[in-house]
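Here we start with a single chain on its own, the form predicted on its own, put down as structure tokens.
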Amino acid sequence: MKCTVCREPAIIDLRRHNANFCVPHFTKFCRDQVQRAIDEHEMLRPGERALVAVSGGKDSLAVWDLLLDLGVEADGLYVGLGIGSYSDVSHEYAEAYAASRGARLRVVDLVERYGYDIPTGARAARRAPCSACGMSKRHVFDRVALEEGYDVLVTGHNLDDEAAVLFGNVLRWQTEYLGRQRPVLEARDGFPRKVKPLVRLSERETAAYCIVSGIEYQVEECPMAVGNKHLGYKEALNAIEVQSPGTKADFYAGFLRRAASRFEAEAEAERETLGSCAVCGSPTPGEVCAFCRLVERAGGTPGPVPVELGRRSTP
């Protein structure tokens, strides 16, 4: 198998692109895809400061690495979820990567700050673990991005993630979610601007990028993700992709081009109903936001988010 660009031995084949790449040209391919996503969707402007939501997994570390290589001023933010040894190992990978790049990693630990962990919070709030986890992380990411003055919040959602979410939302015709499923969500009262620079790269490609770049990451799946519906949606789409390479990219890109705007009005109408949480000040349709209710039910202490600023690590 030869590299499509230079004819040297290739290390990966990308069937949807009908191409094979050696290490240097694959790295360039990934960087070019991220730059193209940034340019196409106007994700980042020159001089803006980015906060990268970091989990210690391949996608968040890959997007942080790619942004740093592209010259973006990007700090990381890790949220300690209290999921036993899984969280401990994830934190170690995030810290190790930050040290290797001399980058800053900010940390908010749910147990230390709020007095609860995800297993406890999920049980107390009678939520699925992934629901409690996602809500908790979104709350902390949003608050820190706003309070620390970042211009944009970056997440590591890749093409597979976005196609799976879209698939689930279409199956249930959750139109309010479809109206928000874009690579960029602009800032508004109580929310930072959010961007997803990996939407042109698949999960396999981000994993390969980390391997060839020497980035060690948390390989183990979260033990609380068993039964997560989106994992099933990914499997279904992967089966289709095997038979018809490029299907996931066409599905997601076609939605953005032809259908996303049709659902914006409904999403906007939902935003207009939001007020401010009486406890933490975050946007909410009720008096108290879902996050603060979860914390209270878990026996924790809701409120603002003081953050461990994190020193810039040295390699």
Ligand code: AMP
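The numbering used is simple: start at 1 and walk along the sequence shown. Please read all numbers here as calculations on a predicted model, not as lab measurements.
Absent from the display: the form predicted in complex with ligand AMP. The rest refers to it.
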### Query
Of the listed stretches (204-212, 182-190, 95-103, 77-85), which one has a non-hydrogen atom within 4.5 Å of ligand AMP in the model of the complex?
77-85
### Task
Can you work out whether ligand AMP is within 4.5 angstroms of a heavy atom in all three of 53, 137 and 156 in the model of the complex?
yes
### Task
Although ligand AMP is absent from this view, report whether residue 141 comes within 4.5 Å of it in the model of the complex, heavy atoms only.
yes
